[in-house]
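Encoded as structure tokens, the following chain is the form predicted on its own, with no partner shown.
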Amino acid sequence: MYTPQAGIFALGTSSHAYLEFDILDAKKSKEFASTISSIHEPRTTTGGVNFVIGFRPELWRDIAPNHAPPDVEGFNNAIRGAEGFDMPATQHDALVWLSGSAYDVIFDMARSVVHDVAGQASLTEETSSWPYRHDRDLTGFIDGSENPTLLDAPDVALLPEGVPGAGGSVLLLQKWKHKTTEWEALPADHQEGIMGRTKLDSIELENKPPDSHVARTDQDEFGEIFRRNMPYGTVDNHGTMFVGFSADQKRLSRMLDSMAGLITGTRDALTRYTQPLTGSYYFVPSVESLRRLR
């Protein structure tokens, strides 16, 4: 029986930090993995902080071949979509996602993580995030309306027992910058048509446009995922951190292809008002798999 990293399902946390690292010496990848896996016990909460530790899929497969799904790949190539729309590939070697109840604790623990891996890896991407109006993103719409309940989420997010990587999950991490001025200039009914949902209570539109965000990411078509999206940024420069977990990478990759217009030729209308800046896939191993590295 394999235990998932508890931070995957730690809903309700109000402060987040996403730290992405690149290894300085590829020959010392196992040493780095041992260090980062020993930072904290992933399945417990210490000092109010939850950890999610992930690795570039190819790196994890090299480090722990018997505990890695064989067909998961990094975000190694940009997605070239319809009408010149692109999703960049900014794959890094490892991710440490910290979440907790207060940013001062997150800040201190993030500095500790960076200190622990100094000389082994460089911090190449750092983002902080926080909730907005309980469960809304910075477009003003409720985010995660189709998320499974916490009872069902493990079946959606975790590789099942009996397969390599059991208890682990495939994580897609993207930073999307909002084009706030253009978005807020739209009337509410126009925004609802782009989203495919009502803004106040997040009810799916009966006659949603085929290019609406809901239509282009239909989980009945592509399969369920477990999302932990959060707003990020400043007053003048902000957007959404997309954090999506799945037991099957194809659910995530096909959704991205659909949004980019590569499946039906219809591009997601929301991509005209938000721009992807980063894109990485990470494999999030089970607690037992991490323990073996220590």
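Being a predicted model, the structure only gives us computed values, none of them experimental. Numbering starts at 1 and follows the sequence shown.
In what follows, reference is made to the form predicted together with ligand HEM, a form of this protein that is not presented.
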- Which of S145, N76, S101, S122 has a heavy atom within 4.5 Å of ligand HEM in the predicted bound form? S145
- Message: Quick check on this chain: which one of I225, V49, L59, I36 has a heavy atom within 4.5 Å of ligand HEM in the predicted bound form?
- Response: I225
- Query: Contact between M195 and ligand HEM in the predicted bound form at 4.5 Å, heavy atoms?
  - Reply: yes
- Heavy atom to heavy atom, is T13 within 4.5 Å of ligand HEM in the predicted bound form? no
- Message: Is it the case that S202, even though its partner is missing from this view, gets within 4.5 Å of ligand HEM in the predicted bound form, heavy atoms only?
- Response: yes
- Non-hydrogen atom contact M259 with ligand HEM in the predicted bound form at 4.5 angstroms: yes
- Query: If you check in the predicted bound form, do T181, H190 and H238 all have a non-hydrogen atom within 4.5 Å of ligand HEM?
  - Reply: no
- Message: Only one of these stretches, 168-176, 110-118, 92-100, 150-158, has heavy atoms within 4.5 Å of ligand HEM in the predicted bound form; which one is it?
- Response: 168-176
- Message: At 4.5 Å, heavy atom to heavy atom, what parts of 206-234 sit next to ligand HEM in the predicted bound form? List them in sequence order, or say none.
- Response: H213, V214, T217, D218, Q219, I225, R227, N229
